[in-house]
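To begin, one chain is listed below as structure tokens, in the form predicted on its own.
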Amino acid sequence: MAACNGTGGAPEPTASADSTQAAADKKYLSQPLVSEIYTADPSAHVWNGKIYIYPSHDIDGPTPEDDLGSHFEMRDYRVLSMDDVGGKVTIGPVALDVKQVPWASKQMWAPDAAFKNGTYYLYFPAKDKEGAFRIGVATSKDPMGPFKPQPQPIKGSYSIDPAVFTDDDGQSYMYFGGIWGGQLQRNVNGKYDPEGSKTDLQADDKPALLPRVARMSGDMLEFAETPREVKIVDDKGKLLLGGDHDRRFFEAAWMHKYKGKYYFSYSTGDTHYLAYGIGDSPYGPFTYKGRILEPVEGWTTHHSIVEKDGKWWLFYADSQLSGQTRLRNVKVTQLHYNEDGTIKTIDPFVR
């Protein structure tokens, strides 16, 4: 495990006897980056030659597990930093707390960050006072924070899992959305329906719900356009169907660019894969190409992909430390491409 430097008096996670034995029976491809706190959903970026990771901060709350993720009760963010993969990892102090966000009530889920013109932007989903997920933004002059939130969520935002990609021309785009507890199925037309489906469109033979993308405004605080669908298609150009749980989008959008092509990656949720498609535009469409990561220990998997010193890295999470779905730990492993530009599938375990 990389060396860790915790700050803020965070307690050391402790594993149960059962989870400790389960961990002993498995050989993990990589080890947790930090053990002082529980972290998940790592969004990694390289700024000023350093790697900054913006994860969720898992806590052990009282809410029973359910299919809507109510047991993920995160309420603040802590930023991780390291000079290089394998080096010392620093855990920053609280970068943003739900109590600082006027419109938010709870569940500070998977965030992302961006940098432009000397300012760092932290994008985060949280439930508003009516129980609907919205996406907020907070700013700082320091990549570790603290971040100051805007008084209102981004206009026209909904659902979860913001991921902001800045193209070579400097234009930025936000990708977002998640079904089930992420509420995308309750925002089909951009307006929240509290009585909507708890899962998806419930139409396995129809095209699956699609993630959203919107170009960002120049100040990075708003959408510059109405969010549009991100089309994910098969090799014949047909949209993936709702019943295709091994390939269809569930949550955890991420975008990166490799050799001029756009790689849109995401989680399939209840089948626990990280999948991806390749396209010629940041808007898509993206042709499904395969899996990046096979299922990890734990229910959820949410990732990021970043280049550092000529190597590509996959950041992800599992539940090795706790053996509990709600208490996860972030990891990293090297990502490799085939000659044709496809990504070599990673097994999170050493068989």
Ligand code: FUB
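We number the residues from 1 along the sequence you see. Quick caveat, the model's predicted, so the values are computed rather than measured.
In what follows, reference is made to the form predicted in complex with this ligand, a form of this protein that is not presented.
Contact residue in the model of the complex, chosen from W254, Y158, Y276, W109 - any heavy atom within 4.5 Å of this ligand | For this set of options, the contacting one is W109.
Which residue, T300, T287, S35, S322, has a heavy atom that falls within 4.5 Å of this ligand in the model of the complex?
-> Of the listed residues, the single hit is T300.
Give a yes/no on whether F72 approaches this ligand to within 4.5 Å in the model of the complex, heavy atoms considered.
-> Yes, F72 lies within 4.5 Å of this ligand in the model of the complex.
Contact label in the model of the complex: S56 to this ligand, heavy atom within 4.5 Å | Answer yes; at least one heavy atom of S56 falls within 4.5 Å of this ligand in the model of the complex.
Region of this chain that lies against this ligand in the model of the complex, out of 109 to 117, 90 to 98, 187 to 195, 141 to 149 [heavy atom, 4.5 Å] = Going through the listed ranges, the match is 109 to 117.
For 305 to 334: residues with a non-hydrogen atom within 4.5 angstroms of this ligand in the model of the complex?
-> Contacts from 305 to 334: just R328.
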